[in-house]
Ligand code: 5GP
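A single chain, nothing else alongside it, follows as C-alpha cells in the form predicted alone.
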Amino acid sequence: MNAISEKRIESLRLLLQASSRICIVTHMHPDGDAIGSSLALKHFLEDCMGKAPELLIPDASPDYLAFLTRGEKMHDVSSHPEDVCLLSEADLIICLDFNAARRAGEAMEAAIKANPCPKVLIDHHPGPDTEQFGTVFSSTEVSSACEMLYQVLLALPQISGDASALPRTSATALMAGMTTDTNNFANSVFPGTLRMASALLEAGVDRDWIVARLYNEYRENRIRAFAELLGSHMTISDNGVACIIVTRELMEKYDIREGELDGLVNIPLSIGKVKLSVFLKETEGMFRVSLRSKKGVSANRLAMSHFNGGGHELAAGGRLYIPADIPDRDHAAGYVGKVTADL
C-alpha cells in the first residue's frame, strides 16, 4: 500500500486548511517517537500554517526528553483529566504513533470516538484501525512515526520536498524521535530512514547534540539500577529467553522515574544465545511488558497471544494483569517461562 498517495495528501491539506481547533494526540506512556512526532507536527502547524493546535498526552513525558519538551505547552491528561474536554471541542483530531484509539487510554479513547469530527492517523504499527480514521498514513516499512510524519510533511505544499523548509524545532524533534525508535540506528532501519537522516543533517539538524541529550545525561540512579537488574535480576533460560522483572520496591530503591529504564530490554540481546528479551515492570495491579527479539522469533505474536498487546515483529509490548493473567506478582517469572517454552 502506498501510504503517501496524492489523494491522501490532498485530503490532509484540505482538512488542515479548514480546521481551526486541531488536537494532536499520542499514546500512553509516550516515548521519544511519540513526543518527537507530536512536537514536530505541532510546530509545523504553528510555524507553517498559522494554526494553534492543542497537544494532549495521556501521561507525563519522560525526563530524558526534557530537552525537547522544555517550555512546550502540552496537556498531560494524567495530571489534568479535565483537559480531555479539548477533544470534544476539536474540529480535527490527529493521532500519532499508535494504531487504535485505545492506546491513548480509556478517557481519551472515549472522547476521540465520541467526537464526529474528521480524524487522521499517522503511524507505523501493524493493523491500523482504518475504520476509526478517515485519513490514514501508515506503513510498517518505516522506522518510526517520525519517519512517517516526515514523509507526510515533505509531501505537503508548505515543504514541497525540501527538508530545509521544515521549522528547525520540527526537524530536531523528528530526528530525535527517529533516533530513539531505531535504538540509535541499531534496528528497524530502512533505506528511507537513512535518507531522512541525511536530509535533516543537510538541513542543519545537530545530531551530535541530540544524541548527547538522549544518551549522555542520565542520572547515576539509572546506571546503578541497570547494574543490579542485569547482575542479579536477569535470568536466561536454556532456550535463550532472557527475563528481567522490576518490582515496585526496586523502583523506589533507586528512585526510578518514568522512562528511565527505557533501553534495558535491548541489552540482553547482545548475548549470543539470547533470542528473546522479556522485560516486566510492576505497576498497580499489573506488569508493563516489553519484548525484543532476534530474527526468527516474533515479539509481536507473543505480545498478542500472551501479553495483551502487540507491536512490531522484533519489538512489541503489552501488559500482564493481576489476577486476570497471573494470581500475584510472584507468578510472573513462571508465566514467562511457560509461554516461551516452545521457542
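We number the residues from 1 along the sequence you see. Owing to the predicted nature of the structure, the values given are computational and were not obtained by experimental measurement.
Beyond what is shown, the protein has a form predicted in complex with the named molecule; the following relates to that form.
Query raised in the report: Looking in the predicted bound form, any heavy atom of Ser290 within 4.5 Å of the named molecule?
Result: Although the named molecule is absent here, Ser290 would touch it in the predicted bound form, with heavy atoms inside 4.5 Å.
Query raised in the report: Wondering, does Arg257 line up within 4.5 Å of the named molecule in the predicted bound form on heavy atoms?
Result: Contact with the named molecule, no.
Query raised in the report: Applying a 4.5 Å heavy atom distance criterion, does His75 contact the named molecule in the predicted bound form?
Result: No, His75 is distant from the partner.
Query - Any non-hydrogen atom of Ala315 within 4.5 angstroms of the named molecule in the predicted bound form - result: Although the named molecule is absent here, Ala315 would touch it in the predicted bound form, with heavy atoms inside 4.5 Å.
Requested in this report: Please name which of the stretches 95-103, 76-84, 205-213, 160-168 has residues with heavy atoms lying within 4.5 Å of the named molecule in the predicted bound form.
Outcome: Checking each option against the 4.5 Å cut-off leaves 95-103.
Requested in this report: With the named molecule left out of view, choose which of Gly32, Pro58, Gly311, Pro53 has a non-hydrogen atom within 4.5 angstroms of it in the predicted bound form.
Outcome: After the contact test, the surviving option is Gly311.
Report task. Give, in sequence order, every residue of 120-143 that has a heavy atom within 4.5 Å of the named molecule in the predicted bound form, or say none if there are no such residues. Result -> The stretch 120-143, when checked against the named molecule in the predicted bound form, contributes only His125 at the 4.5 Å heavy-atom cut-off.
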